[in-house]
Ligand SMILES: Cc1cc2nc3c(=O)[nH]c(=O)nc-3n(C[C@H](O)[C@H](O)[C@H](O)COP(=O)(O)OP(=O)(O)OC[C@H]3O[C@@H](n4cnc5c(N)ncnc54)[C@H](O)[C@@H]3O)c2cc1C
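Single chain ahead, by itself, as structure tokens, in the form predicted on its own.
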């Protein structure tokens, strides 16, 4: 059998990419070297919350993705969505002043509080549950991809054949030269906990960290963003709460008789400016061979660059994977199926241009 698409990577980016392509009637296979969503996706708090602040392209992208993702989960996985709203609270006096300034730039539904804001269009989902359901409705096989060969128009990956490949791994170490994709790893851990009267928690609260009600009489505490160079032993860090997740949570509300039910930990990939990376991969060697003057700043239309035919990427979701994944997957599907252009802020070509103008 020759698949229409093989997705390399079984995190939320890969599963969502497969889901949207399969919905278009394509034969799709997901290859994952471990269990689906075992890494950063599994450790995510899956808080679907807005970004506040002054206007920026990134803020606009986050909130557009949020609106899409909540509607998507509600339409397709409603029983797993807790549309509970979020209280965003300032964490010190300087932050209070920033919040006052941010109010001028609010472009989503909100309610002003004595301190901070309440946003009704926010939610949380259980990452384990959503990934388990996606696994059941998709074709997923456990396979470590070590090599990809192309023969004519067909890719050969282990014993599988496909017309198209989408890389959706938390890595930019791919079997093709893509040094222009500069990204960083961030680490984090999350606790599922119970505490006295935790069943009365109805909304998400965010102040340095997030406290969120899941739907099985437990509460999720998360949002640690640890630079990869400090993740020498993330398992011990999580067990000892080296980064004071519980202490920061207690700044939001009293947590009496806390029982830690489970610890989740994982690594995530983030681009240097936080935008995910989605779209067609550029053949940097051949593009620079054809247009060497790109290094001097000469402009060449992006459509004239040389791309790897039928090779795509969907990665670097950072700390908002469950906000971005479905929206990005829809955009990627529109590119693959309908040749609809992606936003420039997501495209690998943007990173290629940056790497030429600012070499390491």
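What you are looking at is a predicted structure, and each value in this text was computed from that prediction instead of being measured. Numbering follows the first chain given and starts at 1.
Just so it is clear, the following notes concern the form predicted in complex with this ligand, a form of the same protein that is not shown.
The partner is absent here; in the model of the complex, the one residue of 169, 271, 82, 283 having a heavy atom within 4.5 Å of this ligand is 169. Here is the short version: of 145, 238, 138, 178, the single residue with a heavy atom within 4.5 Å of this ligand in the model of the complex is 145. Picking from 53-61, 38-46, 287-295, 300-308 the stretch near this ligand in the model of the complex, with a 4.5 Å limit on heavy atoms, gives 38-46. Within 4.5 Å of any heavy atom of this ligand in the model of the complex lies no heavy atom of residue 313.
Within this chain, residue 327 is remote from the site of this ligand in the model of the complex, having no heavy atom within 4.5 Å.
The closest non-hydrogen atom of residue 332 lies beyond 4.5 Å of this ligand in the model of the complex. Contact check for residue 29: every heavy atom lies farther than 4.5 Å from this ligand in the model of the complex.
The partner is not shown here, but in the model of the complex the stretch 295-333 reaches within 4.5 angstroms of this ligand through a heavy atom at 317, 318, 319, 320, 321, 322, 323.
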